[in-house]
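First, one chain by itself: the form predicted on its own, in structure tokens.
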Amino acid sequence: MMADSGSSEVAVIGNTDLTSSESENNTMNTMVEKETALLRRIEISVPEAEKRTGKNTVNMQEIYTVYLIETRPTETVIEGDTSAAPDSLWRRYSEFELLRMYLLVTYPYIVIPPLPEKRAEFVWHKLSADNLDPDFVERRRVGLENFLLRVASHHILADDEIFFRFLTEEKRWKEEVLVTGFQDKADSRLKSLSAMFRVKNPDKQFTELKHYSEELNTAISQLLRVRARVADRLYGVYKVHGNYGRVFSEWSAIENEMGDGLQSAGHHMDTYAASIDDILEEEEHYADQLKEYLFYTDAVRSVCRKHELIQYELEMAVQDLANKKQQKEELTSGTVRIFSLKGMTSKLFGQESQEQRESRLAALQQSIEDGEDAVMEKNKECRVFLQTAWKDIERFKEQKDKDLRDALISYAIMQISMCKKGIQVWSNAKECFNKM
């Protein structure tokens, strides 16, 4: 059933469940508008992850994680029919990688949503970097759901047949995506690097965008490093408060009138010290939201690299056409402006016959016409790519501004809530001291 275009429904990705009452007024950066036919038709989720053991490609035993993808018709959700079982299938992270690579190659003019990190980066020292750690697997599960909803909410990507089969066909999907031949179409990294260094007239907009994406990458990387260092220090500060609890408890044992107050104050300090584990785990969700845009910067650069490659191919086609026209002019006039093997051969073995000359002219003329067609085609390709890519980049910029603003506001609210809890602990301790 199609919803009207004015619907304000949203799909929530990775809700971090703020404990503060102030979170009611907070809009998470992971809200995805249900503007596509796919999201109006089905609800997509990745509700759980599971560890499995099996043999890899070299026949060695390995432990890996699979993620459950569920799709449910939205009609049953809207009508409250929870009895209907959703369609479900399991996917490995490598299959998500294959899907994203297919999307990158097939839609080079789109800023493809990134996957969550394969291994933990920018972690503070008490956080496990093991990719099988339960907390890391849970955050990756949220990130994979985020990725699927990002793709499903894109007005072009949502209509891709391979993406739909990824959601609905567990066994045959991998064969079907490989049959598309997308791997043969992928531009080699060496070719892209060559275009980057040799293109003569890069587009100013894309050059500025590439520089901006590099600077954004640097800014978010530095922010995540600072946050990891602060988390380390904060963990130490909170845990040191446990020493207050121990000292107050030991002190209470030697006091009569003051004993109960000291014991209660020590209990508040112990509770405060223990709370940091949950606080920093919640912080990781905000760090993951920032990491998403850290990885988005590479997706933006991928679009820029593709434009550079198309621009380079256009310039090469123009240069090739100019060379052919010069050859024709030289052949017609009988003068050679630059050194050529053909010119040396003519001087050594004599001039070619009129018939040979006319045959060469005809071949050159045909080659020039083909070259003109190639230049026109490349001009059109470059123009269309610029228009379609820039339209998607504008969409991405709007999404980025909103998401990062909301993520930073959410993080600030959480920090305020944490400080209020600290004030409350010391206020409670003060009350205990007053009653002594």
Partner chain sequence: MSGHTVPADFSGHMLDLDEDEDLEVFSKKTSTLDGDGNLVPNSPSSLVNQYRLDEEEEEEEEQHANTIDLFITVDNPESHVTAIETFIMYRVLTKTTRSEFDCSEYEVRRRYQDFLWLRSRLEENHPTLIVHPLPEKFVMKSMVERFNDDFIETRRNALDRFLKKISEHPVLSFSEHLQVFLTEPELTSYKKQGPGFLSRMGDTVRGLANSVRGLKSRPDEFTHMQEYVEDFSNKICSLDKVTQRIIREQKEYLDELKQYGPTYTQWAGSEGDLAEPLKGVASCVEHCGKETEEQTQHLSEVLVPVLHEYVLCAETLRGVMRRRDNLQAEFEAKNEALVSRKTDQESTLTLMSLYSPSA
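Numbering follows the first chain given and starts at 1. Not measured: the values here are computed from a predicted model.
Absent from the display: the form predicted in complex with the partner chain. The rest refers to it.
A.B. asks: Which listed residue (V237, A363, A186, A322) meets the criterion of a heavy atom within 4.5 Å of the partner chain in the predicted complex?
C.D. replies: By the 4.5 Å heavy-atom cutoff, the listed residue in contact is V237.
A.B. asks: Given that the partner chain is left out here, which of L144, L209, I220, L314 has a heavy atom within 4.5 Å of it in the predicted complex?
C.D. replies: Going through each option in turn, the one that passes is I220.
A.B. asks: Each of V226, I254 and L408 near the partner chain in the predicted complex, meaning some heavy atom within 4.5 Å?
C.D. replies: Contact check passed for all of V226, I254 and L408.
A.B. asks: Go through 382-390, 397-405, 64-72, 44-52 and give me the stretch that gets within 4.5 Å of the partner chain in the predicted complex, heavy atoms only.
C.D. replies: After filtering at 4.5 Å, what remains is 397-405.
A.B. asks: Applying a 4.5 Å heavy atom distance criterion, does Y244 contact the partner chain in the predicted complex?
C.D. replies: Flag for Y244 set to yes.
A.B. asks: Taking heavy atoms and a 4.5 Å cut-off, does V230 contact the partner chain in the predicted complex?
C.D. replies: It does: once the partner chain is placed as it appears in the predicted complex, V230 has a heavy atom within 4.5 Å of it.
A.B. asks: Look up in the predicted complex whether F166 has a non-hydrogen atom within 4.5 angstroms of the partner chain, and give yes or no.
C.D. replies: Contact with the partner chain, no.
A.B. asks: Give a yes/no on whether L290 approaches the partner chain to within 4.5 Å in the predicted complex, heavy atoms considered.
C.D. replies: Flag for L290 set to yes.
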